[in-house]
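Shown here is one chain on its own, the form predicted on its own, set out as structure tokens.
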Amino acid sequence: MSEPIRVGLVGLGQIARVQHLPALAGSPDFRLVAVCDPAPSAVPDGVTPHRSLAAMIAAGGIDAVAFCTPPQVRYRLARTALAAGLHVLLEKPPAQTVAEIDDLAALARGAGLSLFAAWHSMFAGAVAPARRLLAARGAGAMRIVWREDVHKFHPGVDWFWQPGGMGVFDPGVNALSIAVACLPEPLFVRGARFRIRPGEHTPVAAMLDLATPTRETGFTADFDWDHRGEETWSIDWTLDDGGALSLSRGGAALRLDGATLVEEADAEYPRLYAHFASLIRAARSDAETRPLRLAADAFSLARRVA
């Protein structure tokens, strides 16, 4: 495909406006031609608004769809898009369950379409160099700390606390996606402790005990979406040879024994869309499920704590 890929954006919430719209505006691979949201809202010039996915598909003129809806409704919408012959990008978390992703991947494969489970943190600048270092020098221990204030970034949003909304794992899967992308071994959940507020169904904070096939201790995750103060999005590894590897700012910075290796501005979504374009042009899919599997395992093993 030599012409820009025509894409429609479904869901115009915060993540769509802050990340997807700017990334698409600067992309040489895509041209945003339509948006879909049930609530009337301003859209970029030259972009056609729709109130439903069915109306967007019926209007024609699109090759792909990027979904930024809550995960609870995403599976049926994505299935409809694939049935209409459209390539599909799914904002994280890509669906409520791993089984839904597996089914969508099978549908895409059978139709010769691309399905992209877009774990945006995997495209942070520190991920590739961290993966190379960990492959060469091993990981003896790992500590994830992912703390922020949900009221600051998502004021008034309540679907996070309903079944399928994932609670603190909505941001926490970003850390898990980085961990599985960087570690040279598989990662497992061995135990979890959840803090769930009265009347809600998903945790606002979680502590995880993690392990690899060769390390049963020393791997932990601390997720808090009720944090007051400065945000922390960090992963610290102790290398097998005693070195200290520290990822911070959600993957935009990386230090080895205190020396800076990576320090960049946020560039995840431009890289993410470049990868989506490469998938479409190669007729491939990237339906990564490991971060969602870890979150599901945490829900399976969790104890509630006060």
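The numbering used is simple: start at 1 and walk along the sequence shown. Predicted model, so just to flag it, every value in this text is computed and none were measured.
Form predicted in complex with a further copy of the same chain: not shown, discussed below.
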| item | value |
| --- | --- |
| Among 150-158, 189-197, 116-124, 220-228, the region lying within 4.5 Å of a further copy of the same chain in the model of the complex by heavy atom distance | 189-197 |
| In the model of the complex, residue 96 touching a further copy of the same chain (heavy atom, 4.5 Å) | yes |
| Partner contact for residue 15 in the model of the complex: a further copy of the same chain, 4.5 angstroms, heavy atom | no |
| Exercise: residue 213 in contact with a further copy of the same chain in the model of the complex, heavy atom 4.5 Å | yes |
| Proximity of residue 143 to a further copy of the same chain in the model of the complex, heavy atoms at 4.5 Å | no |
| Stretch 61-92: residues contacting a further copy of the same chain in the model of the complex, 4.5 Å heavy atom cut-off | 75, 76, 79 |
